[in-house]
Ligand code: DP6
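The data below hold one chain only, encoded as structure tokens and taken in the form predicted alone.
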């Protein structure tokens, strides 16, 4: 089964004629329990489930319309060459939906692209939501999550706000692999973005993930680690146990990066500044400040702390950008 088969199944009986324009916003998300490894490359089906926290007003806003001729892709007001990696990836995905026309796509992103800050997740989720608006499909959120997953795995989580779990599923067609929000709130939980580099990664997440799964001697232990961390995170969120949440998230991130280090060739997304920040966080925690971090496939850290400690954390990391959200999960 391929992506086109899934599209036909999800859009059966729905319009293939675009309207004038579709528009939508989707938040970026930061995984507290990571997605790292696929059981199906074509359908972006994960080896394990994962759990994330959305970034509220940080994400992508996309407008899309049909046009004559080839696709036109604008990112943050700049038209991209058709052979640029971003434009090529979007056009390949749009091939699944086009009917003898091109697409005019305009995206404004408030997170750097390809810097390990989940830009592809918000980008593809916003595109899917905009296509749903353009064609008037009126798909439910589960179907939209599956469609977003076909573009970028973690995009399935960016269909929602708050705490979101992506179920790995077991079906070969992936129809049981989708995200859904947790019915949980944590008003005083804070997440701070420590952007150490906005440069595009030399090795993309897809290539890094594939190499890790195929060559890392440590990867066989990853699914069991994820299962344990998911249980801890669910309990921590339910009981608002910050120490348990922070420990599980930080340990999960470091374990993911350990699988990359043991791959061949080894893969390290860290910069010297990343290690410096980690050591500072460990020192502050030893001194009594409840502060943890998580990292995706990039050099940037995401700090986890409670609102009562915001001023103290900011005094040590003045460049930190604190996420503000009024959605489920944070405020």
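From a predicted model like this one, the values you see are computed outputs, not experimental measurements. Residue numbers count along the first chain shown, from 1.
Keep in mind the form predicted together with the ligand is missing from the figure; the text below concerns it.
Asks: So which of 256, 130, 248, 164 reaches within 4.5 angstroms of the ligand in the predicted bound form, heavy atom to heavy atom?
Replies: By the 4.5 Å criterion, the partner-contacting residue is 256.
Asks: 89, 98, 141, 72: which sits within 4.5 Å of the ligand in the predicted bound form by any heavy atom?
Replies: Contact with the ligand in the predicted bound form is made by 89 alone.
Asks: The ligand isn't shown here, but in the predicted bound form, which of 102-110, 225-233, 147-155, 188-196 has heavy atoms within 4.5 Å of it?
Replies: Only one stretch passes the 4.5 Å heavy-atom test: 147-155.
Asks: Does the ligand come within 4.5 Å of any heavy atom of residue 305 in the predicted bound form?
Replies: Outside the cut-off, so no.
Asks: Using 4.5 Å between non-hydrogen atoms, is residue 285 touching the ligand in the predicted bound form?
Replies: The answer is no: residue 285 has no heavy atom within 4.5 Å of the ligand.
Asks: State yes or no: in the predicted bound form, is some non-hydrogen atom of residue 240 no more than 4.5 angstroms from a non-hydrogen atom of the ligand?
Replies: Because no heavy atom of residue 240 falls inside 4.5 Å of the ligand in the predicted bound form, the answer is no.
Asks: Does residue 177 reach the ligand in the predicted bound form if we count a contact as any heavy atom within 4.5 Å?
Replies: Contact with the ligand, no.
Asks: Where, within 189-223, is there a heavy atom within 4.5 Å of the ligand in the predicted bound form? Residue list please.
Replies: If the 4.5 Å heavy-atom criterion is applied to the ligand in the predicted bound form, 189-223 yields 205, 206, 209.
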